[in-house]
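Only one chain is shown below, in structure tokens, and it's the form predicted on its own.
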């Protein structure tokens, strides 16, 4: 009897191959060097580092919003330098991104109008035609009752939830979140972690498909029982910390001190 074939691993959705992460403010400065990282379907990563370690620039590079200073970046198997503008835009539509500090909403638009923007733009539909989807994702984010409020009137934590709804509106394959737990109280933190767990497990909004997640963090302890893979940025280095067991046993001095603080 022939031996059974080994299962074929799914190709990575996003890959950094020997990539230097540039500073958005100074593209000639490499904040992190020689990053080798792959994101596979269904994974849940938390990537930590001290302030100014380059977490936000690493995440926007992963999303394809800025190019690495050196090395290669792949989106869904294609090297981004070889992509035409339309191909790159199509790949980016498969990625949701929640920015830090309020999600970069348009303050003069209502919550519902902010969430409707990507739907109306990419699906060429009216606000009325998008209203059912908008209402659904606002309920998912726990902000349905804020639909008619101006985004600029909300505090940062509620704007962050609206940004999550906007990122989920197009049903992305990958969701990237820049420090989503920063400054939140325990109740809000618990809501985010439980919601992200549900999305990663396969939420009804995603038709049961597990959503691949990557979150940057100032505090890895909060993610230690939720994320399943961990990375660390320190002194211009990228460290792949492995899974939960490897995180707990890590001998990296700076990380050990940080986790024990």
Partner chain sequence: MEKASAKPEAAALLQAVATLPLPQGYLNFVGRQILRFLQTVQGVGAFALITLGVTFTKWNTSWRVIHPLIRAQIDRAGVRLLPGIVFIGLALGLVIVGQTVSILSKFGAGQYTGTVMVTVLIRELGPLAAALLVMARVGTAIVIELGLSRAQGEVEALEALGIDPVHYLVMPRVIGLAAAIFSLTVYLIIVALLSGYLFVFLQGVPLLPGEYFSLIARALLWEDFALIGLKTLTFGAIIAIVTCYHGLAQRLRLEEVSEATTAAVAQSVVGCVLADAFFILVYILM
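Since this is a predicted model, take the numbers as computed values, not measurements. Residue numbers count along the first chain shown, from 1.
As for the form predicted together with its partner chain, it is not shown, yet the points below apply to it.
Proximity of residue 78 to its partner chain in the model of the complex: non-hydrogen atoms within 4.5 Å are absent; the residue sits far from the partner. For residue 106, a non-hydrogen atom is located within 4.5 Å of its partner chain in the model of the complex, even though that partner is not displayed. The shortest heavy atom separation between residue 95 and its partner chain in the model of the complex is within 4.5 Å. In the model of the complex, none of the heavy atoms of residue 155 sits within 4.5 Å of a heavy atom of its partner chain. In the model of the complex, every residue of the candidate spot (25, 89 and 118) has a heavy atom lying within 4.5 Å of its partner chain. Contact with its partner chain in the model of the complex, judged by any heavy atom within 4.5 Å, is made by just one of 198, 65, 50, 70: 65. Note on contacts: among 139, 171, 122, 190, the single residue with a heavy atom within 4.5 Å of its partner chain in the model of the complex is 122. Residues within 4.5 angstroms of its partner chain in the model of the complex, judged by any non-hydrogen atom, belong to 126-134 and to none of the other stretches in 70-78, 179-187, 141-149, 126-134.
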